[in-house]
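Read the single chain below, which is given as structure tokens and is the form predicted alone.
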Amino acid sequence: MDNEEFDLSEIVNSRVSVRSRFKEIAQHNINSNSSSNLDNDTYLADLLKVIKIKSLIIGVGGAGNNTVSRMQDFDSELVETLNINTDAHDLYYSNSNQKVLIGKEICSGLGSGNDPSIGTAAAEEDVDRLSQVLNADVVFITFGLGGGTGTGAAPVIAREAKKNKATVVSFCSVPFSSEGTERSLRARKGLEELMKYSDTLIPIPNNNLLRFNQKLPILAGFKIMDEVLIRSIKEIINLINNCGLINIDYADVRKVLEKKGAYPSGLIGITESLGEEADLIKKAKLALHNPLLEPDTKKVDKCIVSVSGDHQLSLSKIDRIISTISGEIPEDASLKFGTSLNPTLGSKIRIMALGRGPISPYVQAAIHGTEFPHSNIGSL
């Protein structure tokens, strides 16, 4: 091969092409440097363009579209967003990089009428189009359980993403118990389908919002929920794409996100501390024991801890965070930590815990066909 520039446009939507192009560039490097066993920067730069991890965030239905629209406020070049809906009006006013209106024949752009079977049929109607756009290494799906489009279409979207060899991470809100048994039943059935195709599945119950403040305005409550989802997804993407002082690479993250056994699991928590000893320990535990999720941390078998701070972040504080979290999970659990500098945090230290193993009690309810658990409501 000649010393030509590589045209990488052909591999944007195909991970199979990525692998073949990787080999092609590697062979080119061997031919160009036949007398050397070293890899030069030009070769490495070409490879980085090819092996860049592609993430896709998908909002399904009204709640999912709202979350993705809010995420667009956080300008990020590391991720693409896609909103999918059966309601043309909601989809038009949402904000994302790409949009897909599904079920034009069955829904006529008017929505699914809170019927998950219609949401499923709408996704199946456009399954070929969906398959073409669901091409990424990691696909994040966010939606609200209990309605029609999100509950019905999200499992189909997850299924098609898995067919394209993606790691599928699903975040979904669980309806308030006060919304009635019919909505709760739809949510359980949606979870039952979703867990077949998700690697990591994290349901976030709306009931737990009441634990912050029972007088919380509804818009403020849903804003908190969106913030939790946005920060969680953003931190995972930062782990995958950014190189820290002590680095966590994509292979590490994928091992934590991948499914273990028959059922998907997962926990994630993010907190910020001012760095004082007592607060540091408290916030490290809080990152693991996310009050919105209430995970069983004794079921953790793999855990990643990411610590971010400014240039004054000390080894002793990092050690305190890691040792605190290590003491909260089983002794034989695999734990890896990374650190990165973030001058915008000032004196704060950000702690993120990402774990595999704990199966949400809401997923367990879907497995066994029982009612969702009722959280103890009180002030945190």
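Residue numbers run from 1 along the displayed sequence. Computed from a predicted model, the values in this text were never measured in an experiment.
One more form of this protein should be noted, the form predicted together with a small molecule, which is absent from this view; the next part is about it.
Per the 4.5 Å heavy atom criterion, the small molecule in the model of the complex is contacted by stretch 173-181, the sole one of 156-164, 292-300, 173-181, 247-255. Checked against the small molecule in the model of the complex, the candidates Asp226, Asp137, Asp126, Glu193 yield a single residue with a heavy atom inside 4.5 Å, and that residue is Asp226.
Think of it this way: in the model of the complex, the small molecule has a heavy atom of just one of Ile329, Ile318, Ala63, Leu56 within 4.5 Å, and the residue is Ala63.
Contact annotation: Gly309 falls outside 4.5 Å of the small molecule in the model of the complex, judged by heavy atom distances. Not displayed here, the small molecule is kept clear of Asn83 by more than 4.5 Å at the level of heavy atoms in the model of the complex. When the small molecule is considered in the model of the complex, Asn114 lines it closely, a heavy atom lying within 4.5 Å.
Heavy atoms of Thr149 reach within 4.5 Å of the small molecule in the model of the complex, making it an interface residue. Highlighted residues Leu145, Asn206 and Phe222: every one comes within 4.5 Å of the small molecule in the model of the complex, counting any heavy atom.
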